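Here we start with a single chain on its own, the form predicted alone, put down as structure tokens.
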Amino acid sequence: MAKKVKQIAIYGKGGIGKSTTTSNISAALSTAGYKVMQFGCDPKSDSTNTLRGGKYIPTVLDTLREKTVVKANEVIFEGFNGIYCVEAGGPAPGVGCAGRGIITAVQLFKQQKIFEELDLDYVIYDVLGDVVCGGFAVPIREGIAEHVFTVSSADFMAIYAANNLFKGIQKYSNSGGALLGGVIANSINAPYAKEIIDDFVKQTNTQVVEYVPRSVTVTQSELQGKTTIEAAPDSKQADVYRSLAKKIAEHDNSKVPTPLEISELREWAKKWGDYLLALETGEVRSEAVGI
């Protein structure tokens, strides 16, 4: 009997470090001996760049526009340490649904039984989390991914996007949709940033999987077109990514989160805003806020 492929979706708003995080997870899993495919679902089609020396690859949608019949192996490219790289792609700017690439690519791979043929251990979908609409909801809605993780900083818009994602997961959870594994807290350097994220996961009945600090090592690695795992394997940051990858590999119990209503989220944010202002002006000196 064929082994079961573990399918994971990593969401996050644009610019939050989602693709950086995903590529380092893929790289860490592959160096731990697993067979991994990274499936870029962002219309920008740059999810797998740092797995391939900064190079772009032809997308599934672009290839389909050029020819009517596409074999899956024509859109799978090998990256660092044998990771299989795929970019779903998006429509021409201003035309159609940006999520269509995901729908099309997933159907193509299912029909051709690619995951089984490649004997994969992990498929990791890197999905834009600003909009949990149409195509972007596919990994959740169709239950393609079993476990969903979201990358979020302590920034309000990142938390707002994460909360929206939780609403999507909650909505589809009754019809066999994917469930939430937890939050990957990114760019967590200031103590208050950790407190904000910790409070948010407590309010929404979820958990932090890993705290990932902001690091110049990541920037240096990406300027070389590489992941931190490849460019700086002995760095502290690489250790953080390996720890995160191990936790995701061992994770098997995802849950339905409890998203906040928009009014609750605004009220929650306002309390934190007031606290940070008091902290800035020296009125408050304690670390905890007790909200």
Ligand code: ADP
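In case it trips you up, residue 1 is the first one in the sequence shown, and so on. The structure displayed is predicted, hence computed values, not measured ones.
In what follows, reference is made to the form predicted together with the named molecule, a form of this protein that is not presented.
Taking a 4.5 Å heavy atom cutoff to the named molecule in the predicted complex, the contact residue among 175, 111, 73, 219 is 219. Although the partner is absent from this view, residue 241 contacts the named molecule in the predicted complex, with a non-hydrogen atom inside 4.5 angstroms. In the predicted complex, residue 104 stays away from the named molecule, with no heavy atom inside 4.5 Å. Within 4.5 Å of some heavy atom of the named molecule in the predicted complex lies at least one heavy atom of residue 214.
In the predicted complex, none of the heavy atoms of residue 59 sits within 4.5 Å of a heavy atom of the named molecule. For a residue to qualify, one of its non-hydrogen atoms must sit within 4.5 Å of the named molecule in the predicted complex; all three of 15, 19 and 237 qualify. Per the 4.5 Å heavy atom criterion, the named molecule in the predicted complex is contacted by stretch 206-214, the sole one of 155-163, 206-214, 74-82, 115-123. Contacts of stretch 33-72 with the named molecule in the predicted complex, defined by any heavy atom lying within 4.5 Å, are made by 44 alone.
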